[in-house]
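Listed next as structure tokens is one chain, alone, in the form predicted on its own.
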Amino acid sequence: MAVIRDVMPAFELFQPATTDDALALLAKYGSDAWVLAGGLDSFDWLKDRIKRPKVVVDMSQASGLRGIKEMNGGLEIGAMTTLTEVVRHPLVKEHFSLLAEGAELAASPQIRNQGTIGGNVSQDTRCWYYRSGWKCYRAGGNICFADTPTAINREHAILDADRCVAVNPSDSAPALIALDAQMVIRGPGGERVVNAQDYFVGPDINIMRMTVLKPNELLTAIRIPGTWGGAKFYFEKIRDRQVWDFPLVNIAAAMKVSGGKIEQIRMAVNGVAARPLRLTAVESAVIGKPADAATGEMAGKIAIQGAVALRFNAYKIPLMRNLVKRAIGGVQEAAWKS
């Protein structure tokens, strides 16, 4: 399939000064409008000419969407706050270092300077069939090209696949789920708040979207409660290249331990399904157990129950199992060990 690279299609650019102005533009232009945050995901789509919006709404000038502030013992992070600002903020580093770790591993310093936390959690999947313009289910077609006998599917899903086997590529998303964050969304009907784990959707709910955001809505802020501040955190990302690559699998865990035993825990993985997955079965199984390698071994086996490998991604099953094991037991052996 011939694709013209690096020449953007023509569009009308708007740079609203307020969120209300942006929402008015989205209401006026509907599905013809494209919201631009840091632009890193958007520019790929536009340069490859796969997405051809008539209108681009650039949020970089909208007031009130950038910055981090203390809120009831937790934090509120504006959706247009850059990943670099998240990584460097003293309150994030001191109380919620799990998010700082995930954001820092998201990309290179140059990309983090431009990319926003709202864009990182709202970006589209990186399935190369889909992003190259193949008419798959996610693009409105009637086939998943990544799930055929001759497909190249090394990066794709091992869990919760439903027609589409593309995965969510965000590094900050599992950290936010582990921290029990909430996503603040504004639309024509006002403001609504959803839990981070419910912000993301799989193909069983909507095969053409990655989040609950509607075309006329904006993610304006992310709220992190103080509940998990200062807990024991673990974040690890496995990727092909060590600077800017997307995760093959990543994991985020927040754990409270007393007397050597796990009192509370939240754990999420990404890169294994169309949405970041909170591992509730693992959480339930390890409560009251020692935070050691044996518990980690048990947890890893539970985590991969139901996993189904495609032609080229069977490696993700032992990889995910060992990341879960390490998150709980602090095991230092290679994540690739089967």
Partner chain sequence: MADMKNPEETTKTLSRRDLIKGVIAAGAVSSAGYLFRSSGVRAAQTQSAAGSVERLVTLNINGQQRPVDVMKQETLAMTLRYKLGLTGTKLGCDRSECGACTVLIDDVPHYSCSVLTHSVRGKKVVSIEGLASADGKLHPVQQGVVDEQGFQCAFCMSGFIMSAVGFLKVNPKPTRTELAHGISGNLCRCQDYDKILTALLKGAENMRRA
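Quantities reported herein were computed from a predicted structural model and do not represent experimental measurements. Numbering follows the first chain given and starts at 1.
The protein also exists as the form predicted together with the partner chain; that form is not presented, and the subsequent description refers to it.
Participant: Please state whether all three residues L25, D58 and V243 have a non-hydrogen atom within 4.5 angstroms of the partner chain in the predicted complex.
Facilitator: Contact check passed for all of L25, D58 and V243.
Participant: Just one of 186-194, 111-119, 215-223, 251-259 has heavy atoms within 4.5 Å of the partner chain in the predicted complex; which?
Facilitator: Residues of 111-119 come within 4.5 Å of the partner.
Participant: Quick one: is V286 in contact with the partner chain in the predicted complex, heavy atoms, 4.5 Å cut-off?
Facilitator: V286: no, not in contact with the partner chain in the predicted complex.
Participant: Please check if D48 has a heavy atom lying within 4.5 Å of any heavy atom of the partner chain in the predicted complex.
Facilitator: It does: once the partner chain is placed as it appears in the predicted complex, D48 has a heavy atom within 4.5 Å of it.
Participant: Applying a 4.5 Å heavy atom distance criterion, does A307 contact the partner chain in the predicted complex?
Facilitator: Looking in the predicted complex, residue contacts with the partner chain do not include A307, since no heavy atom lies within 4.5 Å.
Participant: Is there any non-hydrogen atom of W34 lying within 4.5 Å of the partner chain in the predicted complex?
Facilitator: It does not: once the partner chain is placed as it appears in the predicted complex, W34 has no heavy atom within 4.5 Å of it.
Participant: Residue by residue through 10-27, which ones have a non-hydrogen atom no more than 4.5 angstroms from the partner chain in the predicted complex?
Facilitator: Heavy-atom contacts within 4.5 Å come from A10, F11, E12, L13, F14, Q15, P16, D21, L25.
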